[in-house]
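Just one chain follows, in the form predicted on its own, and it is written as structure tokens.
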Amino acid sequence: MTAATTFNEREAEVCYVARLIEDGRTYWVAGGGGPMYAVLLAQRIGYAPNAQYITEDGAIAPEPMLPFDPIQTMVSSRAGYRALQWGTMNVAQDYAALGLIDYGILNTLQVDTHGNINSTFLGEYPDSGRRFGGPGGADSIAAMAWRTILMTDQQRRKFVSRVDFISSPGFLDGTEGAREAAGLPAGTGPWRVVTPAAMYDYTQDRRLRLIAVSVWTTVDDVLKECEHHPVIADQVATLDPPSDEELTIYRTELDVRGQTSDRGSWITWNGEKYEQMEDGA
């Protein structure tokens, strides 16, 4: 594939997640654009043509009528076209409880060192702060999918030692067996955190670990945007930039209205290296 010369950092994030999608696996996909774009991109470009997904609201294995807008039309005839079953969130939860969902993919406001997710409240709950929309089905996805992939921005306020409010469970207090003690299925939990600038996994002692950075940034730059520093892998990889082929599918079949690329910085190849442009440049 041919490396793209101009792309948005949010487009890069979706491409990174699309490359993680495994063929023949099942995914419970949160609403909000990025998670669904990643699975659809992996299917369309051929990384995982036989991957199946359930929408957050319970449409089972749809074949969506593309192009369409997953951000706005998750609950619609176009998004659920040719689904095996038009279920509900409860149906999706039942499949996950039976162990049939390999991966969940979520967006979030905050993530902490043990993979707990906050999408409900920033500040001192409940007296001082800002309330958000909450997890929707994300709490069930994080609780019962075998592995959880989290998408967020690389910002200090998002990478904290302890989230302000646990909307969806990670490894809770980080102790061995904490999830199981809370009644969650054994062997489940956070797997990857992906931002436009970096990718993280979790150590055997359930702590966030930086494993890769984008081609236009550095480990030091990423750490500056972490309020609580993660563990650093012995070898930190460099993530390949999006390809022209990925972006063509992404822009013409998925995000046709540019709703992800209207936010965040643009990245350009200057003939020698990739560099991040200032917002609005």
Partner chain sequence: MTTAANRRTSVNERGVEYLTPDPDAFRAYAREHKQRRLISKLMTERDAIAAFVEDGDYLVYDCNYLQRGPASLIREIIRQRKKDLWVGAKFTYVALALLVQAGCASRADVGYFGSRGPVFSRAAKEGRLQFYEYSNAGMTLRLRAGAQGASFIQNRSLGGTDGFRHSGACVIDDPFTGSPTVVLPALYPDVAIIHVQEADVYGNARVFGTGIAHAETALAAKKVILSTERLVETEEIRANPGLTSIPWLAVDAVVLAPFGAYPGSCQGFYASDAEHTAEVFAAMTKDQLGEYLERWVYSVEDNSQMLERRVGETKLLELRNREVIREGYPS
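Numbering follows the first chain given and starts at 1. Small disclaimer: the values here were computed from a predicted structure and weren't measured.
The same protein also has a form predicted in complex with its partner chain, omitted here; what follows describes it.
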query = Would its partner chain be touched by all three of V219, K224 and P242 in the predicted bound form, meaning a heavy atom each within 4.5 Å?
reply = no
remark   = From A61, V236, V231, V215: within 4.5 Å of its partner chain in the predicted bound form by heavy atoms is A61
request  = Just one of 135-143, 192-200, 207-215, 153-161 has residues with a heavy atom within 4.5 Å of its partner chain in the predicted bound form, so point it out.
outcome  = 135-143
key: 4.5 Å heavy atom contact, E124 and its partner chain in the predicted bound form   = no
query = With a 4.5 Å heavy atom cut-off, would you call T175 a contact of its partner chain in the predicted bound form?
reply = no
key: Distance check, D23 to its partner chain in the predicted bound form, heavy atom within 4.5 Å   = yes
task = Give a yes/no on whether E253 approaches its partner chain to within 4.5 Å in the predicted bound form, heavy atoms considered.
result = no
query = Which residues from 92-117 come close to its partner chain in the predicted bound form, meaning a heavy atom within 4.5 Å?
reply = Q93, D94, Y95, A96, A97, L98, G99, L100, I101, D102
